[in-house]
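Below you will find one chain, with nothing else, as structure tokens; this is the form predicted alone, and questions on how it binds or moves follow later.
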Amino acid sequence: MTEESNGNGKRFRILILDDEPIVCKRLKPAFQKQGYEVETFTESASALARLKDTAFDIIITDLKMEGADGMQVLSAAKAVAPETRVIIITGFATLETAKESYRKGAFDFVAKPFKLGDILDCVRKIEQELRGETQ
């Protein structure tokens, strides 16, 4: 199997939201190379509009942005599709924001800067969980 599938024969869909274009530019090809279907956004309003139209398996969102922040995106994503797994990434990590993220249903909370391998591993864990392969 060369493409990552969500078990329904479809590729896993990932939405990446970060107001720093370099983050999207770096993550998109890395996940596409692994077989994931990826859409990137640098404005939260555009990402939120897309979430209303399309279901994503995984959302990777920055915490601090203009407009809706990562917590608002997390809440909106869970309201539309509770099964969606959300990873919060931030350059302003605190214990309080990490706790709030988990309390609101985030799968993981990753401080920037992060290694590409770390975020890929996080997505693979989600993939295993969604396939029922958790240990």
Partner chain sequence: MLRKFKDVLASWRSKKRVLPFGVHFKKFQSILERNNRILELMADMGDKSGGEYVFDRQYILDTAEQLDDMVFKLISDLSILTQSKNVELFLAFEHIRQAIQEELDGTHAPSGKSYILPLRELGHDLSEQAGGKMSNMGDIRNRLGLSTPDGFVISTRAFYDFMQQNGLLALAREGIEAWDGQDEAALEQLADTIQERIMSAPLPRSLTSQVLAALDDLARAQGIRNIRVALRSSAWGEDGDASFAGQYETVLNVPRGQIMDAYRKVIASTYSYKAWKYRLVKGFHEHEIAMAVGCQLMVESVVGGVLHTYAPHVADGVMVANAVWGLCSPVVDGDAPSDTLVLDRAAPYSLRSLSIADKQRRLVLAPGGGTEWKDIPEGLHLVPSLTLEQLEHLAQAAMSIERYYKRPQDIEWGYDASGALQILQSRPLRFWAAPLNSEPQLEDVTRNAEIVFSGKGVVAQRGVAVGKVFLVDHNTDLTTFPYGAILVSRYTSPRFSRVMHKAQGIITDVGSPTGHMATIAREYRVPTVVNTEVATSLLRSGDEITLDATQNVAYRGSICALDRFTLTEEDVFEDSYEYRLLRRVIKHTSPLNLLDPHAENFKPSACRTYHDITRYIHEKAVEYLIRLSERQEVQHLSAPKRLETKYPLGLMLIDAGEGTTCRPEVRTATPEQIASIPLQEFLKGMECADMWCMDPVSVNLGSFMSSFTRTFPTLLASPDEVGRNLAVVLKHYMNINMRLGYHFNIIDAYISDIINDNYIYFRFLGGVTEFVRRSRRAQFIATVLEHFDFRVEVHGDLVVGRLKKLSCERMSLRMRMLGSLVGYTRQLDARMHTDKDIQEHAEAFITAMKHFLGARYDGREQRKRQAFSNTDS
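Positions refer to the first chain, counted from 1. Everything quoted here is computed from the prediction, not taken from an experiment.
The same protein also exists as the form predicted in complex with the partner chain; that form is not shown, yet it is the one meant from here on.
When the partner chain is considered in the predicted bound form, Thr94 lies well away from it, no heavy atom lying within 4.5 Å. Using a 4.5 angstroms limit between non-hydrogen atoms, Val73 is distant from the partner chain in the predicted bound form. A residue is said to contact a partner when one of its heavy atoms sits within 4.5 Å of a partner heavy atom; Val23 meets this definition for the partner chain in the predicted bound form. Residue contact with the partner chain in the predicted bound form: Leu48 places no heavy atom within 4.5 Å of it. Partner contact region in the predicted bound form: 34 to 42, out of 34 to 42, 52 to 60, 75 to 83, 101 to 109, criterion any non-hydrogen atom within 4.5 Å of the partner chain. For the partner-free chain shown, Lys112, Pro113, Phe114, Lys115, Leu116, Leu120 of 108 to 130 come within 4.5 angstroms of the partner chain in the predicted bound form, judged by any non-hydrogen atom.
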